[in-house]
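As structure tokens, one chain now follows by itself in the form predicted on its own.
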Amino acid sequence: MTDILVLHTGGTISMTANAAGDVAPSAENPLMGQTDQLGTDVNVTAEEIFNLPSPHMTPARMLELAQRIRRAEADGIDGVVVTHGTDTLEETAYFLDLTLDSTVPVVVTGAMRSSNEIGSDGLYNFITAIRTAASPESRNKGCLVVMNDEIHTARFVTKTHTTNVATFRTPTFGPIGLVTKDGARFFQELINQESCLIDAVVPNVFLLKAYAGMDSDLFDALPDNTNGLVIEALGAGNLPPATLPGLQRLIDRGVPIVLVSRCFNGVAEGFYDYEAAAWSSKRWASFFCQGLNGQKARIKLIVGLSDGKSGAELKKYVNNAIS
């Protein structure tokens, strides 16, 4: 018998239409008790830890979720499934990936259509996530995201469409496995990473997106208690030159600044040598986070800072997308 803990956090997967036809949080989760398709060799215990639309999710809530999973593993659970709204699902999944040292499978899933809609994908994704979490092959693979029969790593998966059920994709690398009628099947292996077992989260870590003609105004508007900044820079990590004075003022205050690319594919790296180009970023004490998008890089910076990392140690941790 395989024991799986399901932690419901809210989101579309747990919503239904109200009397006016609007999709809203439901007093009774439509997935509760929906495990008949699993057979008798999987025992599911369900717990509604939150009931939040995913835009309401915060790093503090993510930490609460991670701590609950740690306790469950210590109590002998064989695997964990987290149901979650899709808007911030990738951020919560990556936070769990960074802050858990679990050997048991941890699988996050969601839905693009609520339970009342034609073609609702919630129950199907829920069952396939449980099957993945119950699979011995899913152990020691970090946090996984299972949607639409695909198994993705929390590190690289991202939401790519506002409404399509095939919204979750892994740019450049693709999924690492599939969920078949016989269970989870893996075709790639993700390089292991460092786990930071934090017990608090550092606040005021911000994310800004660069654009043509950007100046220093947004950087100067950041509060005095800013602890970190991630910039989705242009191309391979370049910025308009008018941003440099504001960036220098942040650096003078000791704020770590991380560059990623705003491009959907590829990594931020320095090879142009002109004012505010990525190559020259080392001159103004910023550093890259290679291979992650802006929202993931922000999560990694939060975790690194919350773990007490600073200086060269923080730079190494954030820069290395494979750890």
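Here the structure is a predicted model, which is why all the values come from computation and not from measurement. In this text, residue numbers run from 1 along the sequence as written.
Missing here is the form predicted in complex with aspartic acid (ASP); even so, the following discussion is about that form.
> Answer with yes or no whether S306 is in contact with aspartic acid (ASP) in the model of the complex, where contact means some heavy atom within 4.5 Å.
Close contact is absent here: in the model of the complex, S306 is far from aspartic acid (ASP), nothing within 4.5 Å, heavy atoms only.
> Can you tell me if G85 lies within 4.5 angstroms of aspartic acid (ASP) in the model of the complex, counting non-hydrogen atoms only?
It does: once aspartic acid (ASP) is placed as it appears in the model of the complex, G85 has a heavy atom within 4.5 Å of it.
> With a 4.5 Å heavy atom cut-off, would you call N293 a contact of aspartic acid (ASP) in the model of the complex?
Outside the cut-off, so no.
> Taking aspartic acid (ASP) as it sits in the model of the complex, is S54 near enough to touch it, meaning that at least one heavy atom pair lies within 4.5 angstroms?
Heavy-atom contact with aspartic acid (ASP) at 4.5 Å: present for S54.
> With aspartic acid (ASP) left out of view, which of C143, V81, V230, A111 would have a heavy atom within 4.5 Å of it in the model of the complex?
Filtering the options by heavy-atom distance leaves A111.
> Okay, which stretch from 61-69, 294-302, 46-54, 254-262 lines aspartic acid (ASP) in the model of the complex, with non-hydrogen atoms inside 4.5 Å?
Correct option: 46-54.
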